[in-house]
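Below sits a lone chain in structure tokens, taken as the form predicted alone.
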Amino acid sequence: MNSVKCIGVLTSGGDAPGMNAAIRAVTRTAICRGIKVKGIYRGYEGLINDEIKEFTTEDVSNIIQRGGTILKTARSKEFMTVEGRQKAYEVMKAEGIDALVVIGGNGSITGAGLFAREHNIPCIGLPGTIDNDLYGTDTTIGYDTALNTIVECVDKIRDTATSHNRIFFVEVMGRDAGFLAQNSAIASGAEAAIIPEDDTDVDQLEKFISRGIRKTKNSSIVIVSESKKDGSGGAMHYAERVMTEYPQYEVRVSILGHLQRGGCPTAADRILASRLGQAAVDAIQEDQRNVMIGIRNDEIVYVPFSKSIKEDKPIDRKLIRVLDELSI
């Protein structure tokens, strides 16, 4: 018989719209089933420092529509050490927490996997990241909202690009995954997307210049995934190339930055987060552990941590062709 009497829930890493909806779903589902819930503030750092409060249904009232996370979030260097995780385990036991729900991205779920293995604790992950880069789930909490935010911004930028006959390079998040760039380019009618999954950077830029500007267009928008960890790539890199190689064109750069993380979650993100939050409690009651809750073909799935964080999520190559053919 399942012995879980109390579930801890935390958000970790970068915030994503819909995290509050997930917190609400975990809390209310658990309480409905007679299980206590304790909210852990500031992620793993808060777990180490015992920043924990027992939640009631009222604590999660009126939050489903709010962006960010009421539990706050932080990156914890201490939790990356064996000693830090041991301290977190001792706090967890002292608080009477039997299982942990971690809402976050790749790094957060990696931490949950290490913690679960070292201390034999049921840990369930919920994919909360705007990058949509976790393997095993069709979409992640926050991705739809971020995508809509980008499209709204690009629509406004296009007004200026057209008025001044300029090329705009718009940089979006997604250092290692081009889902935001590729799909926002299609949705906003952009002329090109430069993404990390396509390593023919020079060819991409040349193709855009030759097909777009040289033939029929006086202004264009290119969506670019942010620069890599080594500083290469990014909107500035491509803008500088155009200024050097094609000085006849006027170029501007717009880096959307953290604007993409904010705002009220869309209906799609609220529904996704609610479904995944409820499923996290299901998984705990089924004695599941070390799994991320995902959604595939509109069905809830359990994805082992080892797969969700170690395997690369492939982008649909057909999307590249869609953008190619529609941007002529």
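One-based numbering along the sequence shown. Treat the numbers as computed from the prediction; the structure is a model and nothing was measured.
One more form of this protein, predicted together with 6-O-phosphono-beta-D-fructofuranose, exists but is not displayed; see below.
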| task | Report yes if all three of Thr137, Arg296 and Lys313 come within 4.5 Å of 6-O-phosphono-beta-D-fructofuranose in the predicted bound form by some heavy atom, otherwise no. | result | no
| remark: Given 233-241, 186-194, 108-116, 126-134, the stretch touching 6-O-phosphono-beta-D-fructofuranose in the predicted bound form at heavy atoms within 4.5 Å is 126-134
| So in the predicted bound form, does any heavy atom of Arg261 sit within 4.5 Å of 6-O-phosphono-beta-D-fructofuranose? | yes
| field | Gly174, heavy atom within 4.5 angstroms of 6-O-phosphono-beta-D-fructofuranose in the predicted bound form | value | yes
| said: in the predicted bound form, does Glu95 come within 4.5 Å of 6-O-phosphono-beta-D-fructofuranose, counting heavy atoms only? | reply: no
| query | Quick one: does Glu226 come within 4.5 Å of 6-O-phosphono-beta-D-fructofuranose in the predicted bound form, counting heavy atoms only? | reply | yes
| field | Answer option from Lys87, Lys72, Arg158, Arg75, heavy atom within 4.5 Å of 6-O-phosphono-beta-D-fructofuranose in the predicted bound form | value | Arg75
